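In the block that follows, a single chain appears as C-alpha cells, in the form predicted alone.
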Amino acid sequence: MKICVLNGSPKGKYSVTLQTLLYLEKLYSAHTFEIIHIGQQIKNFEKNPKDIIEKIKNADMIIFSYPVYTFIAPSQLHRFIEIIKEEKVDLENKFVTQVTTSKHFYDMTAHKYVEDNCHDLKMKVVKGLSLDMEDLTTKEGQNSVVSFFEYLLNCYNNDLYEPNPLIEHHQVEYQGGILEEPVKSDKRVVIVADIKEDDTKLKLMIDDFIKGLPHQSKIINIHEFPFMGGCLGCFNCAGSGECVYKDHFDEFLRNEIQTNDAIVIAFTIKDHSMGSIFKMYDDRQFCNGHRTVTEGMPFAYIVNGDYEIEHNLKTIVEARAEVGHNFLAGVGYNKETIEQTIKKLDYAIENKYVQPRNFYGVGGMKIFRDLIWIMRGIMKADHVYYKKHGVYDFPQKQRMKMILMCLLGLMVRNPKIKKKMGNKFNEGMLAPYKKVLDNLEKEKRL
C-alpha cells in the first residue's frame, strides 16, 4: 500500500509526532511511506502545489501527522487544507486517517476539524490515533501504535470508515434487512435497550443487528426492570458498593451486563437524550462509584432517531466511552451504519482492540483522580481501585523530570549557553524516540 504522510508540524523532521510514523515505516516495510513536510514547506506549497498534489492523489492511504496546537491543528495545516479546497483536488473515496501527539488537551476537537474537512472532500475517514507525547517511548504506547495500524489495515481491506456527519437528513427512514446471518461464536454481547411497545422501528434495528452479529447476544429491556427509583446520591454505596435500594440493580448490573464481552446500548432519542429510563439506569450505575469496571470492553450503540443532528448527544456518547476506556465501535442509526458497527464491534471483540484515551477520557479521569484522592476517606472502594490500577499518577511524583526541566530552563534563559546549544535542544528531545527506532532496527536484523 502507498501511504502518504502529510506532516503538518512546522518543525519538519524534528516533529515528535512524526516519530510514530517513522516507527510504523520501519515496522511495516511491505508498505511504502512517503513523508511530505507540508507544515514546514507551506510557503513552497502555496507557490507550486502541483507536485505534492500528484503525490497525494497517487497514494492509497493518507495520514495526517501533526501536534495539537490550541484546540486544533497548526495554522500551516489549516492553510494546506485551504489550498487543497481552492485547487479543487479530487480525493473522493480516498482513505484517510490521522496521528497526533499532545497532552490530550482538546485533541478531539483537532481530530474533528480534520475529519470534517476530509468529509467535505468525500474521503473515507478512519478514526485517528491520539497519543501522549511520550507514548512511543513506552512498550504500552508502541503496542497501541501497532494495534492502531492493524486496525487501519483492517478498515482499508474491508472498506470500513466513519459515516459522513455533514449529510443533512431530518426524516430518518430505516429499511431493514441484514443480507447474511453469520455463524455465531461463543463470545457474548448484551444489548441493553429501552424498548416500549410502540418502538417498532427500534425493534427492527435491534433484530437486524442481532442477525448480522457473529456472536451470541441477548436483549435486556431496562424498560421492564423493577426500578424502585433513581439514584439518591446518598453515598450508601461508597464504601461497600451496595445500593440502598432493595431492587437488586447493583447485582443485576454486575452479573447480567458487565460479565459479557461487549455492551450495546439501544434507545430512541427523546428530548435530545436517551430518555428518563436510561438516565435512571446510568445514574444508578453509581453503585460502581468512579471505577472503570468495564475498562477495555468494546461498546456500540443502536439509535432510533435523527442522531446526526444531535451534536451534544454524540459528544456524550463518545465521552462516556473514552472515560471508561472502552472502544466505541460505532453508532448504528441506519442500515449502512449498523452493518459497519457490527463489523467494527466484531474486530474489537476478537482482537481486544482499545485505543489510548483522548482528552475526554484523560481529562475526565484526572478530574476523578483528584476527586477520589481528596474523598478517599469516604469513597473507600474507589480509593482501593485507583491505587490498585495506578490511577494516582500525580505529576509531583516525577521529581527527576522536574529537576531536569529546571536545569534546562536555566540553560535556555542564558543567552550564551542558548547560542552554543544550537539545534542540540531539538536533537535532545528526539533522543528517546531515536532509541526506539534504533532498537527496532536492531531487532529486525536479529
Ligand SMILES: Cc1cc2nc3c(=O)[nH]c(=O)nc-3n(C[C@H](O)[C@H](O)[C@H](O)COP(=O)(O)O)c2cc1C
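All residue numbers refer to positions in the sequence shown, first residue = 1. For clarity, every value in this text was computed on a predicted model and none was experimentally measured. So that the term is clear: the rigid core is the largest set of C-alpha atoms that superpose within 1.5 Å between two forms.
What comes next is about the form predicted in complex with the named molecule, which is not displayed.
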Where, among 63-71, 389-397, 47-55, 30-38, do residues come within 4.5 Å of the named molecule in the predicted complex by heavy atom distance? 63-71
Would you kindly say which of M133, M365, C243, V354 lies with a heavy atom within 4.5 Å of the named molecule in the predicted complex? M133
Contact with the named molecule in the predicted complex, heavy atom within 4.5 Å, among D283, E318, E310, D370 goes to D283
Is K270 close enough to the named molecule in the predicted complex to count, meaning some heavy atom within 4.5 Å? no
Proximity of F425 to the named molecule in the predicted complex, heavy atoms at 4.5 Å: no
Using a 4.5 angstroms cut-off on non-hydrogen atoms, would Q98 count as touching the named molecule in the predicted complex? no
For L202, is any heavy atom within 4.5 Å of the named molecule in the predicted complex, or not? no
Determine the residues of 208-235 with a heavy atom within 4.5 Å of the named molecule in the predicted complex and present them in sequence order; the list may be empty. C231, G233, F235
Is the shift of R284 between the shown form and the other one large enough to count as movement, that is, does its C-alpha move by 2 Å or more after the core is superposed? no
Core-aligned C-alpha movement of F105 between the shown form and the other one, 2 Å or more: yes
With both forms fitted on the core, check whether the Cα of E339 differs by 2 Å or more between the shown form and the other one. no
Which is it in the predicted complex for the CA atoms of A73 and A321, closer or farther than here, knowing they shift by 3 Å or more? closer
So the C-alpha spacing of T109 and I316 changes by 3 Å or more in the predicted complex; is that change toward closer or farther than shown? closer
